[in-house]
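Read the single chain below, which is given as structure tokens and is the form predicted on its own.
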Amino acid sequence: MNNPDIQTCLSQYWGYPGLREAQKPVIAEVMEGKSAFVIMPTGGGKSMCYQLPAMLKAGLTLVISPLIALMKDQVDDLRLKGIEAAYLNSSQHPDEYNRIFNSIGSGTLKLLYIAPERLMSMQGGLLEQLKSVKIDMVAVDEAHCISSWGHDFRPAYTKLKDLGTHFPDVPVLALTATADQATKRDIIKQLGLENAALFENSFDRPEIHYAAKPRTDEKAQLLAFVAKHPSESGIVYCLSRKRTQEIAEVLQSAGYRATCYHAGLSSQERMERQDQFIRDEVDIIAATIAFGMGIDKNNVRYVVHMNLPKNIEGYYQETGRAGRDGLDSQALLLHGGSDFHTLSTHCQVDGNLDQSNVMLGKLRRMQDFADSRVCRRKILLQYFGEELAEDCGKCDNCETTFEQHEGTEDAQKLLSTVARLEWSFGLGHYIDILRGSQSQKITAAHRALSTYGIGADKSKKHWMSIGKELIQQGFLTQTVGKYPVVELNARSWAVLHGKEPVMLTKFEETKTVKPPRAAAFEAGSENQTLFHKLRQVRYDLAKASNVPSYLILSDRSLQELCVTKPQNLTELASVHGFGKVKVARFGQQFLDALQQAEA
């Protein structure tokens, strides 16, 4: 897509040389005034898909976003770039509300952020006011919130199904980073996107290193991990409010700038602690999952989970808060035997057995991920319907050599059982048949199968581990939904016909390789020393501008400054993230710091 207006706009406001490949077809569709559904990983550049077209179109772009903090972050970021943007929420003074509507009426405002509750409320007549305005597009951010199948369901989002009634000729752009197949279908149905283009990008976050370890001495494990990331921003997720306080105290006692965040704090305390984190006044925040959805901080270097998350979607989204600037980042999961039992009680939805079963099924898949000994990235991508041809080489399992054994015969026994049943069942049912269970759930027809009882010499735990590994390696397919079932696929038949062998893991670690770190920024290196000096300049500028540090410049931009060392404003303009407005406002301060370092 070679549009000179797009290139000029990108350079002037964002300081980017061009669009990412995944963004190009989406923006082309939007520029033609068409609706679209975009599934793009966190950090993939979803916001650009509506922000850039908003600058190129004559009217207003309405952005529906779930949290005030998220809206404020994006609006602050746009204003720093010289773009007219605003957000509306119920706490604003009437004078501010009127000022925003005056700017809409005059045509100067390009993007208006608003929560679904505020937009669809019949009080105040906001919808009627907006109907009198030329609206080019409605962007529904975090669109998975509309689906009860999703991990982050918000009932207020369901009212957005009436968007087509209120704005009949306005295209809708739905965006999310996390949607399994059931959630995806629900979003399309509720927002009326059956005829809209679907842009489904890879869920892969190659910059994130995934690791999961059993909890042994959790405080020692956490401190050993954090010690490898001095002065870097990190989030530590805990299950309870009390645990966030305990973990924050452990980190503080070890000399780290840390605080805690949970729903038991007052709104003022939560806001202050969130601001401390996003402004780099504290490095680590120990938090419940109430923290993070409204955070657009792009220099988070690691995310630690002290307990098993409730589902893979939540885990993916929470770990995705690291590495949004594209630099190498870490995701560590510490899990224990009690996690599943504790969380299973949280899966019960009063009066809704179906929803309870959905949540419990998702929790089981999360437990399988934590227990697995195969490439973790493969499991994550497979969950979202994406296949990775080779192991990623960038997770703890890929970096660990496990002893393996020939498992084709056992695999064929289990796959043969699946093949002999007329209907699909859950993995446990096939294993009960294989082991010759006397349960009443095993019908006479199932007991008559030739595979009934042929696996009785091995425990149920043994067969379950085999079944899970066959799923993880792609030899069986497990559905996502109310009652997950396993089904044969092309690779299953290849094994059954003797065309593909199966190697299974014995679960004994023999060698661990530490992930490499960029040598240019090793502790004590010249570049790292300069990087810390530039971070201080960024912090001072951010404090003076009353915005988070990462909105001034990303860590990626600071690293590029360390390597390229521009000598003047012209050279500075070619550094990633330096648009015309930022060069004018902040360029000289960074040049001065670079020159002082050279002196």
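Throughout, we count residues from 1 along the sequence that is shown. Just so you know, these numbers come straight off a predicted model, no measurement behind them.
Below: the form predicted in complex with a small molecule, not depicted.
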{"query": "Val575 within 4.5 Å of the small molecule in the predicted complex, heavy atoms", "finding": "no"}
{"query": "Interface membership of Tyr13, the small molecule in the predicted complex, 4.5 Å heavy atom rule", "finding": "no"}
{"query": "Arg324 within 4.5 Å of the small molecule in the predicted complex, heavy atoms", "finding": "yes"}
{"query": "Close approach of Ser47 to the small molecule in the predicted complex, 4.5 Å, heavy atom", "finding": "yes"}
{"query": "Candidate stretches 249-257, 296-304, 429-437, 455-463, one within 4.5 Å of the small molecule in the predicted complex by heavy atom", "finding": "296-304"}
{"query": "The single option of Pro566, Gly59, Pro66, Gly43 touching the small molecule in the predicted complex, heavy atom within 4.5 Å", "finding": "Gly43"}
